[in-house]
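Next up: a single chain in structure tokens, the form predicted alone.
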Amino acid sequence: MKLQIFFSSKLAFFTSIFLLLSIPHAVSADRSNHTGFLQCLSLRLNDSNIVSKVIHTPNDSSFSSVLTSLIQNQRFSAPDTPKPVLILTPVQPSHVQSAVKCARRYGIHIRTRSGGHDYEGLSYVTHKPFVVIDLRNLRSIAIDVDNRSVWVQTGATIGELYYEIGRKNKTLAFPAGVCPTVGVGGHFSGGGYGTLLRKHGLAADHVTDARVVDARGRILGRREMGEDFFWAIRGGGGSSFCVVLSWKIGLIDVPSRLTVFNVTKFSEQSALKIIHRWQFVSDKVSDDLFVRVMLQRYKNMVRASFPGLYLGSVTNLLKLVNREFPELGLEKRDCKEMSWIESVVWFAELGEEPIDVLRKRTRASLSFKAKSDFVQEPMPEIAVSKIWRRLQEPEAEFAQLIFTPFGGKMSEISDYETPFPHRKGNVYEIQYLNYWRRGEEKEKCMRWVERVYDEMSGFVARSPRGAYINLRDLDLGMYVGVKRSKYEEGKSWGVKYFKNNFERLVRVKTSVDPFDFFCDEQSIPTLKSVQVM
């Protein structure tokens, strides 16, 4: 009886909400589909206590907090941003199975959210009625130190993963990103890189197994899904193919003590000299050394920072830098020895906090727009100088450019090993970012990013001009379905993200999800689209 009363309250909500949302001719069909989905899902869960914890509709007090707590780009928290008609927060894998089976049966569009860091909000925003599967409760982490492996559920953050590794062992690590609140689900499925990429490659390079729910609602491991499917989700964007429940990853060795450092310059002349030399050595120097370039404003001045990590002692670092990169001007006072897990906190700019800070789930407070590029030949000083001038503009108050060096292990792994193709031949990657606080600043801040991106076109990779899927950019294109097939549309940006790997991803998609159940504005298309986005 309790479950029936719960169903009635939820169904009453869906009846009212779809009368408001649906166009007149579709009211009956939409209402039938969505109430049917809710009833199907609730009956499969078969426990009113569980249902009330995992199903959240807009008339529930929990809905707003569940939705907004993982919106990591406030550009998508505006009142006019489309909201889901339901959020599901599964507490066990079978709940995800039920959601997929019921959604497919009733033609419901779903989005899957891990940490909420999709740069264009596609894990929780779209312009059609949709349901969000929010995986925050599926976040267990099981570490096998003896076998140097971990099973981590998709709802965990990389900060939580790092914390558990660091707590268990001081000489094991994992090569993923620097932002601890990023969810492992999207991060691993797009490739994932951080301070260890020159030594150990991408996060996806170290995924050895996975458990997924496919478009038929089956839970599959690597053996059941097959090698093509497994290949596709390690860099091709898992949300195009399935819901990834968990990843098995291999850990890597790090010294018990390593060195972090930072050099800062406010003089344009000094900074340009260092950046010029950095472009010639950062991808060729010992792969124990990682040095980033960060350009941004600080107290109304442009600041160039050169944060880095070295897998060794301060003494050996200074010898290496003085020999290979003396222009950096690195001194002992710029350096600090610490453990790998402490370096994670340092790179995340979390201050002198204990490593427990990596477990905190915080919500970003700013809106932003981002783009990406890959550089294959050092750009001239005049190009960097132009960036410096752009950073002095009023709308660049919170803008940032990040140059991430490649080379090392990244040049040793084939472009076809995983869907991430930007390997050998790429000197570094550029990330263009601009942040703002107030809604009225949006247009000018976004135009600033576009201008800088356009001005760099002559100095970056071409044919295609590459982009990184984890730094998603809808300016590259999205499905509109007017004159071209979905495959033709998707290829225009798909080759920028995946180059020649795009065609294999399309074949995998066509094989494992022929009816295009898992889709979004930039998902991998099937060879013959069943439905246009």
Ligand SMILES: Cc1cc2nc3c(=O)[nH]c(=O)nc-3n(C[C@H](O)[C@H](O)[C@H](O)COP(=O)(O)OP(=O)(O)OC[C@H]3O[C@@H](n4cnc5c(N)ncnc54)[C@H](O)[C@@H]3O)c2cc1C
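Throughout, we count residues from 1 along the sequence that is shown. Remember, it's a predicted structure, so these values are computed and weren't measured experimentally.
Here the subject shifts to the form predicted in complex with the ligand, a form of this protein not shown in this document.
Engineer: Which one, 304-312, 381-389, 190-198, 254-262, holds residues whose non-hydrogen atoms are within 4.5 Å of the ligand in the predicted bound form?
Structural biologist: Residues of 190-198 come within 4.5 Å of the partner.
Engineer: Just to confirm, with a 4.5 Å cut-off on non-hydrogen atoms, which of S343, N434, S282, S239 contacts the ligand in the predicted bound form?
Structural biologist: When the ligand is considered in the predicted bound form, the option within 4.5 Å is S239.
Engineer: Among P419, G159, P90, G186, which has at least one heavy atom within 4.5 Å of the ligand in the predicted bound form?
Structural biologist: None of the other options qualify; the answer is G186.
Engineer: I'd like to know if N470 sits close to the ligand in the predicted bound form, meaning any non-hydrogen atom pair within 4.5 angstroms.
Structural biologist: It does: once the ligand is placed as it appears in the predicted bound form, N470 has a heavy atom within 4.5 Å of it.
Engineer: Please determine whether Y119 contacts the ligand in the predicted bound form, using a 4.5 Å cut-off between heavy atoms.
Structural biologist: Result yes; Y119 sits at the interface with the ligand in the predicted bound form.
Engineer: Residue-level contact is defined here as any heavy atom of the residue lying within 4.5 Å of the ligand in the predicted bound form; does L135 satisfy this criterion?
Structural biologist: Residue-level check for L135: yes, a contact with the ligand.
Engineer: My question is simply whether S372 lines the interface with the ligand in the predicted bound form - judged by any non-hydrogen atom within 4.5 Å.
Structural biologist: The answer is no: S372 has no heavy atom within 4.5 Å of the ligand.
Engineer: Where, within 163-180, is there a heavy atom within 4.5 Å of the ligand in the predicted bound form? Residue list please.
Structural biologist: Counting only heavy atoms within 4.5 Å of the ligand in the predicted bound form, the contacting residues of 163-180 are G177, V178, C179.
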